[in-house]
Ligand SMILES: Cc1ncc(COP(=O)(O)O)c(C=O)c1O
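Before any questions on binding or motion, here is one chain by itself as structure tokens, the form predicted alone.
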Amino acid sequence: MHAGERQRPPHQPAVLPIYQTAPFSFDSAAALDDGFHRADQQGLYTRYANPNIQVVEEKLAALEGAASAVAFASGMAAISGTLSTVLHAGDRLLAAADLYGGTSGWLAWLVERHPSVVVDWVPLDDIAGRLEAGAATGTRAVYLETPTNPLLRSCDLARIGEACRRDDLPWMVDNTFATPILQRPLEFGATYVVHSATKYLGGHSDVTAGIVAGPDEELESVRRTLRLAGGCLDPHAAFLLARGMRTLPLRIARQSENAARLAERLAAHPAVEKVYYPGNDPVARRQMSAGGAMLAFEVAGGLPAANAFLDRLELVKIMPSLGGVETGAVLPAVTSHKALSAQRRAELGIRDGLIRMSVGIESGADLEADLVSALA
């Protein structure tokens, strides 16, 4: 609630004001010079730092149990900015094959333009074994997300942490779906934890942002990349994000409760072939405090049946993002993973009839009635 929101006299507003400015002004040339020599470069230029941005960074650091955090203009900016800092020419990245389509696309773009960088794609379930067996020789870093998008698969963070610690490998976890309320990868030894703050951290589908947390020294290098590349968060967006983060635990509790109810109901429905939900996964249950607010399911009849289901929904929104207070549904095969070939989607288990659902805070009974009606 209060992380980063220190009282600022003389007026001491209950809510942090929006510092909607690009540059800050100074009383003298000497004060300007001092500003450029400050380590945090606060009160200088918003591309370097801004009070609103600092608040969200301190909030996520507190939530994840990190020394510090760096905010970006989007989740993909946070992911690409951090990986650009970690990877150098000739490096090998061990990456989970089960990644968000945007992340996979950026890594493919990176390899295409910088062939000396190698990405080894490994199924999420095989990452720990590959590292333990020493089969990742030459690897510079490890990147994964858990639970995954869109099939909600989880991996054993404790095993991966032990293996990476033994080989002194930095590793990065996309924790967007779980949020720090349900899972804290840094406690398992992760070097970096990244979020698309557009999703659950913001929570109201009205802001685009990304943020990465981790140790001070490593984050300073990431911050330098941000300042050079210019992918800074806007002060007003940071204000909205800070507002959303205040209610994160309350929203996640209600959304997880609703998602568990819907997962159980869908699993019993004859029109549903399979349900994916972290609450049903023993690995996820060991490291997450609840099942979370995301679920996915396959309807019988493939893409035509999935499209018909979406068209019959009345309460649930059809939208290509997630994590808001409203429930939304989407078809990954034609949205987040559309850029992948049909063969590649099949290899990953992303079938045409798969529906990904982000469960909101509405009445659980109303949501259940809407799904049952649309499946009828």
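All residue numbers refer to positions in the sequence shown, first residue = 1. What you see is a predicted model, and the numbers here were worked out from it, not measured in a lab.
Same protein, other form: the form predicted together with the ligand, not shown, and the subject of what follows.
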{"property": "The unique member of I79, A242, L233, M288 whose heavy atoms fall within 4.5 Å of the ligand in the predicted bound form", "result": "I79"}
{"property": "Contacting member of N258, S74, T225, S205, with respect to the ligand in the predicted bound form [4.5 Å, heavy atom]", "result": "S74"}
{"property": "Any non-hydrogen atom of R130 within 4.5 angstroms of the ligand in the predicted bound form", "result": "no"}
{"property": "4.5 angstroms heavy atom contact with the ligand in the predicted bound form for R251", "result": "no"}
{"property": "4.5 Å heavy atom contact, D174 and the ligand in the predicted bound form", "result": "yes"}
{"property": "Contact of A209 with the ligand in the predicted bound form (heavy atom, 4.5 Å)", "result": "yes"}
{"property": "Region of this chain that lies against the ligand in the predicted bound form, out of 302 to 310, 159 to 167, 89 to 97, 142 to 150 [heavy atom, 4.5 Å]", "result": "142 to 150"}
{"property": "Within 298 to 330, the residues that have a heavy atom no more than 4.5 Å from the ligand in the predicted bound form", "result": "L322"}
